[in-house]
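Below sits a lone chain in structure tokens, taken as the form predicted alone.
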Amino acid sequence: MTETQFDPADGVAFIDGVYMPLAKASIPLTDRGFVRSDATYDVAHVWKGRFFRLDDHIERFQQSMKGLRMSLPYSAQEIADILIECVRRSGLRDAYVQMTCTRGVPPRGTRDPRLCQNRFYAFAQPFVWIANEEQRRDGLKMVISSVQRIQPEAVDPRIKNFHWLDLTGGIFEAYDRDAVVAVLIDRDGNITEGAGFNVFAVRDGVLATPDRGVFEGMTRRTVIELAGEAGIACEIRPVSADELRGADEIFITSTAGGIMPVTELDGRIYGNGRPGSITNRIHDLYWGRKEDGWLCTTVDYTETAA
């Protein structure tokens, strides 16, 4: 394969109005999104050739930009068209699709963020899982990290951002403690979230998920909706570390994996090391509804690019 050839299935990006191989995509070194983490993004996924909740992801992305005083010359439909085209060109039936808005490059001689022209980047690449197939089936090992989550008064986690040093610290702690994932606590000892996922505790058939200090994930939103449809009570409120340790079942949710059971927390094994009944029910509802095309947008892989 020559330099001018590439496998689209490795990923396709969109920058400055041009589609290109993901491996060739780049951003300016002085873009504040890189040097200051001054950016927001959102991640949708394609499963079996269909986006899940694409409009919701784009709406949340636009709200995040608004919260950071950013704007782009693209409508919601134009952003959707770009993301769909990245996937179409890649040929991927299962894909991780990211849209990013950065503050941009400041004019020479100034640090004023108001003078930057905000920039849009998008790409599609092969689907990325938080956990492997065995872990998704049998359950994850998780720890409650000693690393404290950045407080929402400092950085609002409802705006998806690149401030991941606390979350990355949790990842390393999980590995050091022979676990796969870590959930961080806040200054009051309440559970927040982990690197790219939300947490649910199940006690006496009732779900509980943290209401503060978390990114309100799309899969989290989906679980709350599905639980309501299924008549399963779901409480959105503070969840202490002790409450999580005392749960009957635990599962995490993410675009990068859906519903994933946790069968070991801080060395304690739950459900004899097997996913619980409520977790399995939510898992089956989630994947079953997606299989039926609920809230899905089909990618037309035969359409000629504009």
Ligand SMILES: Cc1ncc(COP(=O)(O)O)c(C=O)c1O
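Please read all numbers here as calculations on a predicted model, not as lab measurements. In case it trips you up, residue 1 is the first one in the sequence shown, and so on.
A second form of this protein, the form predicted in complex with this ligand, is not displayed here; the remarks below concern that form.
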| property | result |
| --- | --- |
| Region of this chain that lies against this ligand in the predicted complex, out of 100-108, 168-176, 197-205, 120-128 [heavy atom, 4.5 Å] | 197-205 |
| One residue of R88, K160, R212, K141 in contact with this ligand, assessed in the predicted complex (non-hydrogen atom, 4.5 angstroms) | K160 |
| Residue (of W47, Y270, Y41, F34) lying close to this ligand in the predicted complex, criterion heavy atoms within 4.5 Å | Y41 |
| M218 within 4.5 Å of this ligand in the predicted complex, heavy atoms | yes |
| S254 within 4.5 Å of this ligand in the predicted complex, heavy atoms | yes |
| Members of 134-165 lying within 4.5 angstroms of this ligand, judged by heavy atom, in the predicted complex | R149, K160, W164 |
